[in-house]
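Let's start with one chain on its own, the form predicted on its own, as structure tokens.
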């Protein structure tokens, strides 16, 4: 099987969490002699090549981040340049987000299923996973702990041609976090996470506190 992979993140590869997820996913994908070609929506110079690959491939995987219930505008802009295929092409999706709960991504998942129909293709499922916000801030083993499980999902996709399996559905994790975890995360957000975000802001040249409200 040969797969066209489209990284639908608007961020360039260096800063794309989606790209780092795909690095691990494709490791598992290729273990079963599956081949792939990958393109980046963030590079508009690639758009013509992506269109050609889209029309010539029958197995397509689009990986994308969810931004507050919406798929990235740059990806939508590209998809609007395509015509329906109606030739049995299958499209699957990797939908990732910083939101920790699976329920936060279900609206986006439902839209992607409808989108597949608009493109005249068959829906091969969506791999849904949240809690990925910090990937690009980690290195080495810390990053691998977050992205490593996607290697197994690459094997699963290669074996089944999509994500419509119990293993893929279980990969999402908690649909809604238990009350004690929500409480712990709230405390963490107000303490350690706030300190980390402030440190990142300073490294980007920010001189005002995170709660600065100049127009209040």
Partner chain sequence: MILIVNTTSDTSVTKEIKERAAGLGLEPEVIEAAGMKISHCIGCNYCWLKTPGVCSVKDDYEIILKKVIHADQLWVISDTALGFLDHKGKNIFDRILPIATMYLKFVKDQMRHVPRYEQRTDIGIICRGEPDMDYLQRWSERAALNFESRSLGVFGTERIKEAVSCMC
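Not measured: the values here are computed from a predicted model. Numbering follows the first chain given and starts at 1.
The form predicted in complex with its partner chain exists for this protein as well; it is not shown, and the discussion that follows is about that form.
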The one residue among 121, 135, 124, 74 placing a heavy atom within 4.5 Å of its partner chain in the model of the complex is 74
Have a look at 90, 143, 106, 85 for me and say which one sits with a heavy atom within 4.5 Å of its partner chain in the model of the complex.
106
Choose from 187-195, 24-32, 164-172, 144-152 the stretch whose residues reach within 4.5 Å of its partner chain in the model of the complex, heavy atoms counted.
187-195
Taking the shortest heavy atom distance, is residue 55 within 4.5 Å of its partner chain in the model of the complex?
no
Though only this chain appears here, would residue 11 touch its partner chain in the model of the complex if you measure heavy atom gaps against 4.5 Å?
yes
Although the partner isn't part of this model, could you tell me whether residue 139 comes within 4.5 Å of its partner chain in the model of the complex, counting any heavy atom of the residue?
no
Answer for residue 1 alone: is it within 4.5 Å of its partner chain in the model of the complex, judged on heavy atom distances?
no
Contact set, 77-115 vs its partner chain in the model of the complex - heavy atom within 4.5 angstroms:
77, 79, 80, 99, 101, 103, 104, 106, 107, 108, 110, 111, 114, 115
